[in-house]
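One chain comes next, on its own, written out as structure tokens in the form predicted on its own.
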């Protein structure tokens, strides 16, 4: 009986040998879930308090300063509340007697809490390095030429606008003028300064030094009673070779140093010799620009055999040695892989 029932059911499903297919049920695709949004990190703002380094009086309070703000930006904020102290005039420090912070220092990287206290010191009126250099180098150029052409009121009236009979005097004038024209052109087209300004008072000190020595040297070299070097033409020619060699070397070093620093940056790198042979002295000296500068003035001293020139060379050497030692220490402190064989200004000596 059951068998007959199944056959009857099967006969209903099959018609002319075809099997009836049950209707398809649509299958839903899995729903893609959107990833959960990451929670934004809360920005912790800083409070910056600026005190006077001498009196400890509060000068400014800056609220909600972003953690990635630089000291340069903080100086700009401080300038808005105190217009008389523009950024170049400000020295911002962590300690009243400490060193000035760099403009590129970032607030959150300094050893301060979210409430930071800085100390302000006024650097005084500032002037650009370019202006200072142009002023202090133009002076010696003009002053020396005044003595060379023997303008009135320098020597006796009978010597007004006369020329020296010694060819070394004319050569010395060309060398001196070449040196300062070179310096002026380097200031305009070669040098890249890490600091844009210096205190205004420095221009008076620098000009007194350069202008005063230029007048002292020029007075004796161009004097009507000047006597040529004791060894004559051979001494002069040797001195000229030394002078020109060192002038080219000095220019080569300045170009090499320029190429180390991209325009508009304060990047510092270790200077190394280039394909220019005049830069190979970097193997032994940290500041070869001063080495070549010293050589130039030694050559000029030998050429003129003039005591004021020798004294100017000595004073310049002392000052350049101070600068060279400072830069050498800075290199050693900043770069662990700094070449140990180098000396500040004179190979193996100083």
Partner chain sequence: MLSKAAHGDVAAKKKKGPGALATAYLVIYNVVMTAGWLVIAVGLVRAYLARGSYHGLYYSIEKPLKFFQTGAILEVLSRVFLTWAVTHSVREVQSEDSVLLFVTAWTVTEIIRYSFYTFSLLNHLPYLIKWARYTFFIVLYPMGVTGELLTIYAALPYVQKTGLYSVTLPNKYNFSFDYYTFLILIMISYIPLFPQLYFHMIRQRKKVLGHAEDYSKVE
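These numbers were taken from a predicted model, which means no experiment stands behind them. Positions refer to the first chain, counted from 1. So that the term is clear: the rigid core is the largest set of C-alpha atoms that superpose within 1.5 Å between two forms.
Heads up, the form predicted in complex with the partner chain isn't pictured, but that's what we're talking about next.
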Any idea which of 118-126, 237-245, 219-227, 190-198 reaches within 4.5 Å of the partner chain in the model of the complex, heavy atoms considered?
219-227
Verify the contact flag for residue 307: yes if a non-hydrogen atom of it lies within 4.5 Å of a non-hydrogen atom of the partner chain in the model of the complex, no if not.
yes
Does residue 231 show a Cα shift reaching 2 Å between the shown form and the other one after rigid-core superposition?
yes
